[in-house]
Every structure is written in C-alpha cells, then in structure tokens.
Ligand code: PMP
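First comes one chain, alone, set out as structure tokens in the form predicted on its own.
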C-alpha cells in the first residue's frame, strides 16, 4: 500500500472487544435466544424500564442534535457528587474522556505508567500519541512498584484503575490517596472508577468519589453509565476534575459527541437509582455462586469488586480451549490470553445465565 500512515500505529494492537451475540448466531447457527453473553460486563438486568420507556417515547427526536451544553446531565452529576457543572465533561463512554486526556497531555517525548494488566485503551491512546508505555510487574496497584517506576521514568500520565479491569481487584482509597500525594503535580493522574458502584457495595474502604480528588489539580476521576446503570449501548461516560483541567479537555471535544437519545437515557437513568441498587444486589448474590463453584473445582480466582470475576487456570486447563469450546455452545466469555493470563473473565449474569455457564463449563472441562 502506498499510503504512509503515522508510524506510531506500527506498535498498536487493535482493541479486541467482547464477541457479540450476532457473531455466534452467524458462525455456529445457534438461535439468538439460546446465546448467553457473559463477556462485556454489561448489566444482566438490562436497562431501567423507565429509561427504556423514555427512549421509546422520544425516539422521534433522533433527527435532532442533542443539547451540546448537556446542562441537565451535568447538573444531575454535579448534585450526585457535590461538585460544580464546570468540573464535568461528558464523553461517548469514559473511553472518549481518556482519549481527550491523552491528546491534551502526551506527545512522542512523553510516557505513561499503568499496572501490569489493566484496561487496554490506556496503552492504545498513549501509543497513538507516540508516547512510551511503562507497566508495573503486578496487576495490582502496589505503591512501592508504582513509585519505583514513577521515579525511574517520570511519566506524564499515571493510570489508576480501581476496581481494575480485566482482573477485578480494587485498591483501597487510602492507598490511592497515598499515591496521588507522592506523585508530582505536573503528572496527570487518571482514577478510573467505571466499576465503583460494585466496589462500594462490597466494602466502603474502596469508595472513591470525585469530591475526594477535586483538591488535587492534576487528578481526573472517570465514571460511566455503561455498567451499573445498564447503558453500555448508549455510550455515555464522564470525567470530573479541576475546572481548568476540564476547560483544556473541552478543546479536544468534538461538538455533539453523544447522541440525543444517549443524553436522554443518561438523564433518565440518574432518576432511577433504585434500578442501580437492585442491579448491584443481584450481582452480590450471584457472584457468591461463582466463588463457590471455583472453590469446589480447585480453580483460583481473583477476589472481585466489579460485576465480573476472573478465573485463573493451572497447566491442566487452557483458557483459549475453554473459551472456544464454550463459544461453540453459545456461551460467550472473555479469554484473557491476550493479556498474558491463562484465565478467563466472566460477567456475572442472571441466575439462569450463570447456571447455564456452570453446566457448560463442567461439560467442556470434564476431562481435566
């Protein structure tokens, strides 16, 4: 090909999203109603009925551009977190806010630091800007490892994903604050709280709010409506930080960066916190079954503070073989081989979905 693309793209692996139901239907001829998708950490309760009704009622507005100020949504978030609307930026998923931060801060002379296994888009956005990527040895956010690497490389951005995706572990609030206070103020610190609702429900020691971080001018908190609120398909996330920080990020933001119906859905979702509470309660109930299942079969797992659980296999089991075998049966999970782990990430679904997973997992691993 004669086109010369940006050389920074040479070192970037394309992000591998969870396989959709449609792919399983096409490739294996399985009826869509028989496919169980436990790969993308979606809310198994679906979407709040109030949100679904609002979308249906207002579908005719799809021809209209959204309110680009996003005033109503930002006002609701500001009230929830006790911050000002000027502290908030809305993105097409929190991923887009990550992109804004990368474009605003990084260049080919800079670097970023993250844990050994974490959300892949941190690395991808950094490499798009030509920045170097450094990782700690451990997937956990260990203070000593981070500070050793920080002192050595002086990165422009440090990512703290808590709870962490795709492993599911979380970092104590006290440890996050300890890291923030040890890092110089010219380094941007991204605290990604996409799964915070689940961590808080499990243990208050892991609760981190934007207000906890607002005193630090170099810190931005990320949140999303894709998980506990059940709006993965609507793509709405947000960043909350110092007003000057947010002002600079707005220079990266394109106009109308979420849709009219996405904006409406997020506004309505915030009015139905009961749905979120019920979603988290269902999860806390069902994840106990995954823990018991793993213990009965001598499978190691990472204690989860998210809506998924990570199983780690010994040499007798192969994550790729298990994932592919389950896929052929219409059960979609996330193979973590691409992260260097012989393990799988499983979204905790409904009671029925989880029972189907357990049955098929036992079938495909019956020989080992």
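Fair warning: this is a prediction, and the values are worked out from it, not measured in the lab. Positions refer to the first chain, counted from 1.
Although not depicted, the form predicted together with the named molecule is the subject of the following passage.
- Site residues 168, 313 and 342 are none of them in contact with the named molecule in the model of the complex, judged by any heavy atom within 4.5 Å.
- This chain lacks the partner; the member of 235, 156, 141, 74 within 4.5 angstroms of the named molecule in the model of the complex by a non-hydrogen atom is 235.
- Interface residue among 224, 257, 136, 279, judged by heavy atoms within 4.5 Å of the named molecule in the model of the complex: 224.
- Taking the partner from the other structure, the named molecule in the model of the complex has no heavy atom within 4.5 Å of any heavy atom of residue 206.
- Among residues of the shown chain, residue 194 is one whose heavy atoms approach the named molecule to within 4.5 Å in the model of the complex.
- Proximity of residue 115 to the named molecule in the model of the complex: non-hydrogen atoms within 4.5 Å are absent; the residue sits far from the partner.
- Although the partner is absent here, residue 275 is not a contact residue: none of its heavy atoms lies within 4.5 angstroms of the named molecule in the model of the complex.
- Comment: 157-165 is the region of 178-186, 100-108, 157-165, 249-257 lying near the named molecule in the model of the complex, near meaning a non-hydrogen atom within 4.5 Å.
- Within 4.5 angstroms of the named molecule in the model of the complex, the stretch 111-126 places a non-hydrogen atom from each of 119, 122, taken in sequence order.
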